[in-house]
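Before any questions on binding or motion, here is one chain by itself as structure tokens, the form predicted on its own.
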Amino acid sequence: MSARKHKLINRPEDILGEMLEGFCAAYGDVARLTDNGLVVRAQPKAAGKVGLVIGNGSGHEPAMIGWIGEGLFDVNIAGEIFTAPGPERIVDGIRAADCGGGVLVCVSHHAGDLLNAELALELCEAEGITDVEMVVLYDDISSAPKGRESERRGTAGLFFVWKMLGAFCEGDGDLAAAKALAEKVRDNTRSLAMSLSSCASPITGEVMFEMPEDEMEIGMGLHGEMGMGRQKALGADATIDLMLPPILEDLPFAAGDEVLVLLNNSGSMTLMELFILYRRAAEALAEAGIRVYGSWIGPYATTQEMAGFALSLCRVDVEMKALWDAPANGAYMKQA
């Protein structure tokens, strides 16, 4: 599968601004674009609530602009394509999210994102902004072995943290409790991705990596980072049977657990394929005595037109299920 090099854009240098303008024009009931380029909730939280901020390189839409709104994030700081926003921009986002209850900065674990967030917190301290915390999020089992979870990358499974943390911060919990909840969901989440094809940069048109037509890679990162290795492409059931066992073993998940399941489309997988894949995942979980409490299937954290998917599981308890079921009104999580 070759990457699609031609993209329907105008000037490469205008991609970010025009994308954000279009997004906020389409979903103006939940998000708006500030004069300094932040995507913020159309209706701010009540005073005294914990504010939630996330920054990320663009090119992975709907992540993270799609998670702004009631029951979700307050502010997204969108960086250039595949480039983390700078520390000054993150400080702008922290100011915009401050409702008086402190601000939690959520960092998907990648080197640039973490470095810039740490620098942003140093700037906050220098400016006397003290009621701010950072939580580093990760879920990808292919990027570091068991026992070194904090070295792992943040990938599509962080969806579970975003949703439950957003619901928690609509309530009266304080900043410390919000951070603890984010860590709890993170520590109960495991993900593994695979890829059948690469994608092309919308800026340069260059293909991120080459992939033979008859091969697949297990453990591919959101930016094309190498995973567990390449092999001959398998059918849907065989692919799930290859990917699910290491996910289950890593936490480990066990018979009697209840889980949330995310089957994330990396960009150009068809719904037909995703439903066939989910069918086998649901069967295998039932065989293991694990009950699916809820599932989401679709493009939630993409890498342009990459063909592939990520399988993510989150073990849930009573508290987490209530947060999962709470209302959310983002562009991609609308509830009637």
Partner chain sequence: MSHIGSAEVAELIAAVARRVGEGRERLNRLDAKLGDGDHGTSISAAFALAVEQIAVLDQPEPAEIWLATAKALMNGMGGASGALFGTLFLKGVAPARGKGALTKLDVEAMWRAGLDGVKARGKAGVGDKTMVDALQPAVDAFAASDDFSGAWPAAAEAARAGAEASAAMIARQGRAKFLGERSIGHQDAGATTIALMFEAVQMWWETRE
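Keep in mind the model is a prediction, meaning the values are calculated, not measured. Positions refer to the first chain, counted from 1.
The protein also exists as the form predicted in complex with the partner chain; that form is not presented, and the subsequent description refers to it.
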Inset, instruction - Considering only heavy atoms, tell me if residue 230 and the partner chain come within 4.5 Å of each other in the predicted complex. - result: yes
Legend entry - residue 183 within 4.5 Å of the partner chain in the predicted complex, heavy atoms: no
Legend entry - 4.5 Å heavy atom contact, residue 126 to the partner chain in the predicted complex: no
Inset, instruction - Could you confirm whether residue 146 comes within 4.5 Å of the partner chain in the predicted complex, counting heavy atoms only? - result: no
Inset, instruction - Considering the partner chain in the predicted complex, find the one stretch among 156 to 164, 118 to 126, 173 to 181, 94 to 102 with heavy atoms no farther than 4.5 Å from it. - result: 118 to 126
Inset, instruction - Any residue of 71 to 99 with a heavy atom within 4.5 Å of the partner chain in the predicted complex counts; write them all down in order. - result: 82, 83, 84, 85, 86, 87, 88, 89
